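What follows is a single chain, given as structure tokens, in the form predicted alone.
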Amino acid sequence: MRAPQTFEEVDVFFPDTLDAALIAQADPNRRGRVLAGGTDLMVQWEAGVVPLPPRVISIKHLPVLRQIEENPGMLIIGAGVTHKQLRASPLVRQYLPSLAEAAATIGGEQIQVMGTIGGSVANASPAGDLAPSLMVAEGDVVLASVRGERRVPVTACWTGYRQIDCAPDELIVRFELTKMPAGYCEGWRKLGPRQAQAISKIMGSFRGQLTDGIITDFKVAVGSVAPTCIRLYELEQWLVGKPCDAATCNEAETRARAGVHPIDDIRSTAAYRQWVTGRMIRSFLQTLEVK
């Protein structure tokens, strides 16, 4: 089949149920590039960075993918939930506050209305603003196909630059994320050339607990410093059991800088990203102390 040269030549399928979308994806002759909000893919196609696909399957308006629900320990977020829904949801704001903060920084109002959590994860950009908050929340990405559902830990769903653990016949259908427990706090930071509508030079999230001045739990993830968003596991382990004081902050800042290996690119230098990573960790620890 000749590759389409214009959007008008692309075959677009609008399934009215999730089952219809999965059946189409199961057939190599009917399978298409999955489109939710299109805020990443449409730009890539228009710029010619990614060639136009022969077929697109639009899942934007499937109600089953647009729900936010809870159970005693988890928050369940459909893959079609938009950034605007994330930032506004009382459940997300209460139990995943850094995810709500991150969603509020993505683009402008038009992008937030269209862009989805599933699309952001599937795009697999190392600068994807939602990724750090998802990684510190932990839990699973749930994928579906006609073969059934499969779970992938959210900390392991990105396998490389612009790559995710998702088979050609699978769709991301929801995220089952661990609620922030009582007595914990979260934080989110983003550094870009301006406050809004800018790709991050670096961003990160943390979730932690402080008990009588001692760090009893701490999870931190940073983006734009590696081919994928990363958790700083060694730093997390070192911090647990330490007092949240000036000496700990100084050492944590040093260790954080040594724990990332970013690149120079059009948005920033590697050295600057390393420096900011350290300062960000210091800021997170200070936030934990204040809370």
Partner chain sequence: MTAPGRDPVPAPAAKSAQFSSTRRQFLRGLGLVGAASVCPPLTTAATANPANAKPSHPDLEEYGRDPQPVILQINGQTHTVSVAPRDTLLDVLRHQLNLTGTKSICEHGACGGCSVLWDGRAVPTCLCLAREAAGHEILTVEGIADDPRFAPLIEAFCAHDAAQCGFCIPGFVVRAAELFLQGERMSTEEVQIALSGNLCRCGTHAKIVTAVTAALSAGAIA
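Numbering follows the first chain given and starts at 1. Please read all numbers here as calculations on a predicted model, not as lab measurements.
Although it is not shown, the form predicted together with the partner chain is what the next lines describe.
Notebook entry, point to check: Out of the stretches listed (157-165, 142-150, 103-111, 71-79), which one is close to the partner chain in the predicted bound form, meaning heavy atoms within 4.5 Å?
Noted result: Checking each option against the 4.5 Å cut-off leaves 103-111.
Next item on the list: Counting non-hydrogen atoms within 4.5 angstroms of the partner chain in the predicted bound form, say which of Leu65, Leu35, Ile230, Ala256 makes the cut.
Entry: Here the answer is residue option Leu35.
Next item on the list: Spell out, yes or no, whether the shortest heavy atom distance between Val10 and the partner chain in the predicted bound form is within 4.5 Å.
Entry: Val10 belongs to the contact set for the partner chain.
Notebook entry, point to check: Is there a heavy atom of Lys84 no more than 4.5 Å from a heavy atom of the partner chain in the predicted bound form?
Noted result: Residue-level check for Lys84: yes, a contact with the partner chain.
Next item on the list: Using a 4.5 Å heavy atom cut-off, state whether Val50 contacts the partner chain in the predicted bound form.
Entry: Answer no; every heavy atom of Val50 is more than 4.5 Å from the partner chain in the predicted bound form.
Next item on the list: Tell me, yes or no, whether Asp19 is in contact with the partner chain in the predicted bound form, where a contact means a heavy atom of each within 4.5 Å.
Entry: No, no contact at 4.5 Å.
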